[in-house]
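Look below for two forms of one protein chain, each set out as structure tokens: first structure 1, then structure 2.
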Structure 1
Amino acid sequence: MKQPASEAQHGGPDAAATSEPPTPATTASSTSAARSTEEKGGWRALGLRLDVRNLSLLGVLAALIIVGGITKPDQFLDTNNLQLVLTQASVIGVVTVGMTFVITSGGIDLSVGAIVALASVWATTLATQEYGFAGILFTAVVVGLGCGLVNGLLIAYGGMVPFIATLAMLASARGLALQLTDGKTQIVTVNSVLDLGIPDSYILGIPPLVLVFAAVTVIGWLVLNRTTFGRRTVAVGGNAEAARLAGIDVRRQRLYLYLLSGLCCGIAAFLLIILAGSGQNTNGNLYELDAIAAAIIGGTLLSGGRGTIVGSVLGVLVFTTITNIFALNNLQSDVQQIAKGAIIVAAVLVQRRTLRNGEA
């Protein structure tokens, strides 16, 4: 006897009996799996965009090298000049690594240049130099950490807006640096510090400052991409309230981030002392502009929630190369600042356009 057509289509009465409606648990599991798949796809797409951005920056850097080689071939492509470019990039590059963490968390630090100046001045006083290499390094790092601690406490626990808190630190640190030096240059007389800036100390032709920068970059990349601290930083920058509900101590995380920025400023101050052989209250001028610009064009979102150490480093190299080319071609410093400002505006507009199109 044949089954009715309706039963044949559904596998008969027994099949109909075993076909149960989806339970809430099944539905939740399916939804979770779908979301997981979407998130993985989103992260893969994000990684692809970051790779494209990094490749684009490499292309820009290659183009600048070609321009420098064409305009001033004998000077730009000279080994000493290339070593100088990398050495100069090392100082602002260390600052930029710390700035990348702060911006990724949704904050900003306008005081980095002033902190570098204060740390370099404090570390080169006659009293500090009596303790030699260790005394200078220790003082520079401690001053940087102290300033970062003040910024972090004001922002995380004092409820101040990062822009205002770090702007106040900028003014205070600059003023204190001027008071300590009385407007004079403090010459370093510790040979063990000065020796790090001469060619005899280079390792395989690489200046020690560049090696320090490379080490800071690698550590920064590992912390941001491979640790809980890095994931919390991105979470706080993406949505601070959601991060708090997820169990992250947002205030403590922000305090740590400004401490990290201060630490990077202290290390950069020590590198600058080696490079310049002195401490001045004008050191670190406009470092905040350079660090923010390098981070933004590298792919770090100014609004927070996304950061890339590799992109920031490439941004530093691009800006340093531009500055070097301008200097070799005797272009005025005001033209350099105009060019940097234009690059920042262009980078922010590109980010806004990307976010508006739902690609970020």
Structure 2
Amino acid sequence: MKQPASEAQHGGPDAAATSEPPTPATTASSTSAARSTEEKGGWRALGLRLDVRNLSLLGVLAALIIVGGITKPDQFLDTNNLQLVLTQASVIGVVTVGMTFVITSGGIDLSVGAIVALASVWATTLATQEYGFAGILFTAVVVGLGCGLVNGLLIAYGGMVPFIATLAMLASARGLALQLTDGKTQIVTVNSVLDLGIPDSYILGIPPLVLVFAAVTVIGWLVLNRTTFGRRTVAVGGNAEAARLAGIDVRRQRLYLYLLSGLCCGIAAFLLIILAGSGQNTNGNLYELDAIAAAIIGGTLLSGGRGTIVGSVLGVLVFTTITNIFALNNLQSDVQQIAKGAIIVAAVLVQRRTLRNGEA
């Protein structure tokens, strides 16, 4: 804990000077200079591209809303249904925001579902519930952060590939969650937590879960697009070596990113506890795939270097809306899964087309 903190003051030059064998100073500075001008030119183009991508996804969403409105006008175009869709999107949405950061940096976090499961069961043990609202919230967040810290340390300082490190976390967090619960469903009896899930608690008709989701989205967008932290994330994902030469402490940046993803998982776990009124070791099943899929169809590059929070959130909304429309039309899960796959392909193809036209 202490060492990285002390490095914060003189991390950049230190890391460049010590950890890498002789790179001539001139080369280093000229590469980074070239890199930074290139980046400046690239930023504007990037902004344009992101807009085009988001636009095409908005088109998909609009098409879905039309389909929903035509097939089930009464049930689909209804305030309750809007609340329902947004609430269902909140938990996975918060996870996806964290995932977007990790993917933008060129990493991947396969452990998000397992961390949500572990945080949600740890926060709902009988012993934790004795501490009430604060105990549950605190435990969920700290367990999320703790798992993120382990992921981050293994990847940034242990030199493990993100895929493997987070896969290991997936397995062990699920195992620990099972051990804590013995496979039992832990029902929450703390009313102050449960009350946040029922309509009485809605603020101006907006469920608290949706407010949290909105806040996480806005903060995520600001951090990614308007802060040094965000630029560093993009730089690390674009070219880690260049970022390091430009004076970014890549390892610390990676650590922070997995911590951030863990934090998002902790928050999501708390939302899930409110939503389901319980903690279960099967929670968060396949969240990793849903979050990755949402980020990718949103326009975040799986290879890193480009990320969009707005796109990711739109991706989540597209998936939640599909599920909603299918359920309202009483279509079964086999059809739902086929359609989901088809829509992923369609969304990405449409994006590529619009992208090419936009560039031409």
Partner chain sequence: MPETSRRGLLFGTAAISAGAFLTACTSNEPDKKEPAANTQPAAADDKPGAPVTIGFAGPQADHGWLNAINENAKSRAAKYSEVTLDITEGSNDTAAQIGQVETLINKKVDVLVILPADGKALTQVGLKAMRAGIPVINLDRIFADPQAYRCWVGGDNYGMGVSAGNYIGEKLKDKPNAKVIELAGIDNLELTQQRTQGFDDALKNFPNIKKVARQAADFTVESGQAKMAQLLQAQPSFDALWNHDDDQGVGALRAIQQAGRDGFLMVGGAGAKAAMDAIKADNSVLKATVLYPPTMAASAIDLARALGQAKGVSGLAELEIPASLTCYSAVVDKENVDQYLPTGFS
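Each form is matched to the other, and the largest set of C-alpha atoms that superpose within 1.5 Å is called the rigid core. Residues are numbered by position in structure 1's sequence, first residue being 1. Nothing here was measured: the structure is a model prediction, and the numbers come from that model.
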Query raised in the report: Structure 1 or 2: which one is the form predicted on its own?
Result: 1
Query raised in the report: Comparing between structure 1 and structure 2 on the rigid core: C-alpha of Pro73 shifted by 2 Å or more?
Result: yes
Report task. Compare the position of the CA of Ala327 between structure 1 and structure 2 after a rigid core fit and state whether the shift reaches 2 Å. Result -> yes
Requested in this report: Provide the displacement, in Å, of the CA of Gln336 between structure 1 and structure 2, taking the core as the superposition reference.
Outcome: 3.8
Query raised in the report: With both forms fitted on the core, how large is the C-alpha shift of Val345 between structure 1 and structure 2 in Å?
Result: 5.8
